[in-house]
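Quick setup: one chain, the form predicted on its own, written in structure tokens, and binding and motion questions come after.
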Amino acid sequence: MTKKILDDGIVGRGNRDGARLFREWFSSLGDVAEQERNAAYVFVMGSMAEVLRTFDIPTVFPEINSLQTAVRRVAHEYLNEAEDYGYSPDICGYVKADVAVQLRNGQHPMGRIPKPSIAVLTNACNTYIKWAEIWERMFDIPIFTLDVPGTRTAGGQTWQGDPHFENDRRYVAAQIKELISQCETLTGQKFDIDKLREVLGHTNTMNQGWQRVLDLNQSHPSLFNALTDGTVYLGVTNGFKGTAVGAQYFTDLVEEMEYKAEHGIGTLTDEKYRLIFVGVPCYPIFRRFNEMFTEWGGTFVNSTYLWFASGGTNRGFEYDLNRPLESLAEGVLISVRDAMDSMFYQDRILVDMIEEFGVDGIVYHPIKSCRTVSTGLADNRRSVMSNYDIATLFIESDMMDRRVVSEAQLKNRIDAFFEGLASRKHKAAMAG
């Protein structure tokens, strides 16, 4: 039986299917561009994909488009073009790459990106608002900004039943109704609440699957690398949210991870160090960046990137299909708030995860292009170290701009970090 399952390709299926779905998704966006159909530009933190899918409006994620230029090692061409156009070098690299895509009439390494008919965003990132204003000027399109109340103080979240939470939920629900009205105007279609229920059901399957996959990585050895494999899973989380295809993908992914856990199949043949990654990956040298850790037997068992870049769906929130609009408002409030918390208040969660995942070290990776993610990471690191005796590494590069990425300097710091980890393990073994 074991041989048959392996022959059927269950191990590694998530990466293979994810890559295939990603290619198909970009191909479908090319069809939308060719046919000049409506498309919505959205962001990973609060994409409102469920509402947009109810109206059959394709979603375009400029963040994902931009990072793909870096993974394919052509981001510098797009950044240079945007800077020549007048954008400052210290502006978010995602924004500049997207501007260059627009200046090229949607031409992108993965295909052609359609022009937006509407932009939908939240206040989860301050750059979102200014970015959407660029499209507003370029294409004269409507902009919908969903204001999601965040956590007021560290550890100060409110939940269902609390008067403050209920006020926030009603506030979000009123805005969702405004978005529905705008979508009706854009498409000429009437809102179908039964279709929304269907979409939310698919999202429920994806959310529960995503949470289960993350929890399963507490296994020894770890089942997937949160930096590399996790980025593939993230692409499906966002691009196929609320679809039957996305639901089936995560059902299959859970099956794969449970199989690997049962049979002790890890992401590395010799796992020596279990790490958490804090920040955004170094996409200009993505594969090599990861190799600098795996060469030492280190793998990332979890990442704050998997929290906020999934829009908070890592919580596994389940929509109540008997009250879809009210539940959607609750889910948006909780998930976007969690995405913001994972950038600003993650120190307490990290301390909890050290024990849960058997972590040996935490890698902090502030980047030049994103102040929102990077600001406060040094203080966060200090807070974690004051509450737990854990090895940490603080390295800086960028998610887009290879001009500020020094592989040699990164390797020196990473090698020294692992030498310290080895010394810690040796001392612990001697003391034991």
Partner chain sequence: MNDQVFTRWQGKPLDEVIYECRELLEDIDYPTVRRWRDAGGKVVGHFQVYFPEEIVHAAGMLPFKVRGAPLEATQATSRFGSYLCSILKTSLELVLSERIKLDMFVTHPICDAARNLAAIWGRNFSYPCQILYLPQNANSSHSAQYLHDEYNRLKQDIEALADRPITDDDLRHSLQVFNENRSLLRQLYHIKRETPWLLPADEAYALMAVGGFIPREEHNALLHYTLPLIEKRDMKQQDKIRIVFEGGFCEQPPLDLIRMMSRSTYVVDDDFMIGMRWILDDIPTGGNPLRNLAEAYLENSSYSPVQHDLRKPKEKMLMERIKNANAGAAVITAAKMCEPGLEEQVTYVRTLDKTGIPYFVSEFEENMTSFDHLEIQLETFVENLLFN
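Residue numbers count along the first chain shown, from 1. Predicted model only: the values in this text are computed from it and were never measured.
Although it is not shown, the form predicted in complex with its partner chain is what the next lines describe.
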*Of Leu186, Leu268, Leu325, Ile143, the one that lies within 4.5 Å of its partner chain in the predicted bound form (heavy atoms)*: Ile143
_If the cut-off is 4.5 angstroms on heavy atoms, which of these, Asp360, Asp168, Asp229, Glu256, is the one near its partner chain in the predicted bound form?_
Asp168
*asked:* If we define contact as a non-hydrogen atom of the residue within 4.5 angstroms of the partner, is Gln218 a contact of its partner chain in the predicted bound form?
replied: no
*Please check if Thr151 has a heavy atom lying within 4.5 Å of any heavy atom of its partner chain in the predicted bound form.*
yes
_If we define contact as a non-hydrogen atom of the residue within 4.5 angstroms of the partner, is Phe191 a contact of its partner chain in the predicted bound form?_
no
*Should Ser383 be classed as touching its partner chain in the predicted bound form when contacts are defined as heavy atoms within 4.5 Å?*
yes
*asked:* Which is the contacting stretch out of 292-300, 234-242, 159-167, 259-267, given heavy atoms within 4.5 Å of its partner chain in the predicted bound form?
replied: 159-167
_in the predicted bound form, does every one of Thr59, Asn105 and Tyr249 come within 4.5 Å of its partner chain, counting any heavy atom?_
no
*Heavy atoms within 4.5 Å of its partner chain in the predicted bound form is the criterion; list the residues of 308-346 that meet it.*
Met340, Met343, Phe344, Tyr345
